[in-house]
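A lone chain, given as C-alpha cells: the form predicted on its own.
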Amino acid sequence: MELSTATLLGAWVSIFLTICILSFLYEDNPVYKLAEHLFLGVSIAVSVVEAYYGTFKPNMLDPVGRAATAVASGSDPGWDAVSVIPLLLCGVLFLKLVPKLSWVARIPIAFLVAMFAGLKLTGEANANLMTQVAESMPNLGQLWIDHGLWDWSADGAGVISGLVLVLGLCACLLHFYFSAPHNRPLRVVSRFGVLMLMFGFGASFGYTVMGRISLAIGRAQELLGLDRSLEQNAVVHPRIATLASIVLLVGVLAVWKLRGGKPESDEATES
C-alpha cells in the first residue's frame, strides 16, 4: 500500500509531537514548549481560516462583491448593499491601532457587545434554563408506562429515578436557602442536598477523567499503530517512529540538562 509523502510525514510528526507532550511528565522542558506553541499556533491559524471562509467571506465580502457588480451593471443590489455597513464597522475596529482615533473603535465594539448580550440572553434562557427546568420535572406517569419503577436495561430509568431527581433537586435548593435557620427538619434535608451535590460533582469529575483517559488511549493507539491497518503500518512503521522519537527526545533533554537547563518555574523562583 502506498501513502503520500504528506500522509507519511504527518504520521511521523504526530508521533514525535505526542512524545514531546508526554515529556512534560519528566519536567517542563524546551521540547514540550515547542509542541505546546505549535499546538496553539496551529489552533489559532485554523480558527482564523475557518472564521474567514465560514463567516467573513460569505457574509460580508461576497455580498459586497455582488452589490458592487449589480451597481456597475445598473441593476438593483438589493439587501446585499447592507453588508457594506458591517464591513465598514469591521474596518473601524482597526482604528484601535491609532492612538488619536482609538475612541472611534468603541462604536463597533458597542455593537458587538450589545448583539452578543442579546443573543446570549435569549439563547442561554432557551437552551439551558428552560431546558434544564423542563428536564428537572420528569413525567412520572410516562416513566411508569415506559420503564416501571426501575429498568436495568435503560440504565436505571423509571419512577424511582425520577423521584430521586426531583427530591434531590429540591434538597439542593433548600441547602442554599439561608433566610431561615436550619433547624433539625431543614438540616436533614440540607444534608441530603449536600449528598446529592457530592454525587453530582463526583459524576462530573468521573466523566472528565474518563474523557482524558480516552484521549490518552487514542494517543497510545497511534504510537503503537493500533489505529491503522496492517498495510498502512507496513509503510508508516509507527513503533519505529515512536522509538526514534524517544531516542531523539532523550538526546535533546540530555544536552539541555548538560548545558544547565532548568524549568521555567525554577528560573522564576530564583529570580
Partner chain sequence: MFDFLVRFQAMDRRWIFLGMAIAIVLPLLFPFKMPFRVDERVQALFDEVDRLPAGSRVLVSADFDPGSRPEIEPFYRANLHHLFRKDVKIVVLTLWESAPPLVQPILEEIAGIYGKTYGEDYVFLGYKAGREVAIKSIGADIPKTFPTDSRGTPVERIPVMRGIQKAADFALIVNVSSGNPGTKEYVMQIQGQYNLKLASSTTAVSGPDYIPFYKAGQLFGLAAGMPGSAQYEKLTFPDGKVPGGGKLMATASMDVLNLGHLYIMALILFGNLAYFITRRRD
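Residue numbers count along the first chain shown, from 1. Since the model is a prediction, treat every value here as computed from it, not as a measurement.
The same protein has a further form, the form predicted in complex with the partner chain, not shown here; the description that follows concerns it.
Visitor: Residue 124 versus the partner chain, in the model of the complex: is there a non-hydrogen atom within 4.5 Å?
Guide: Yes, residue 124 sits close enough to the partner chain in the model of the complex that at least one of its heavy atoms falls within 4.5 Å.
Visitor: Mark residue 228 yes when one of its heavy atoms lies within 4.5 Å of a heavy atom of the partner chain in the model of the complex, and no otherwise.
Guide: Flag for residue 228 set to yes.
Visitor: Does residue 33 reach the partner chain in the model of the complex, with heavy atoms at most 4.5 Å apart?
Guide: Residue 33: no, not in contact with the partner chain in the model of the complex.
Visitor: Please check if residue 54 has a heavy atom lying within 4.5 Å of any heavy atom of the partner chain in the model of the complex.
Guide: Residue 54 belongs to the contact set for the partner chain.
Visitor: If contact means a heavy atom within 4.5 Å, which one of 168-176, 82-90, 182-190, 125-133 is the stretch that engages the partner chain in the model of the complex?
Guide: Careful reading of the contacts points to 125-133.
Visitor: From the list 234, 61, 244, 217, which entry has a heavy atom within 4.5 Å of the partner chain in the model of the complex?
Guide: By the 4.5 Å criterion, the partner-contacting residue is 217.
Visitor: Using a 4.5 Å cut-off on heavy atoms, what residues in 95-120 are near the partner chain in the model of the complex?
Guide: Read in sequence order, the residues that approach the partner chain (within 4.5 Å, in the model of the complex) are 115, 119, 120.
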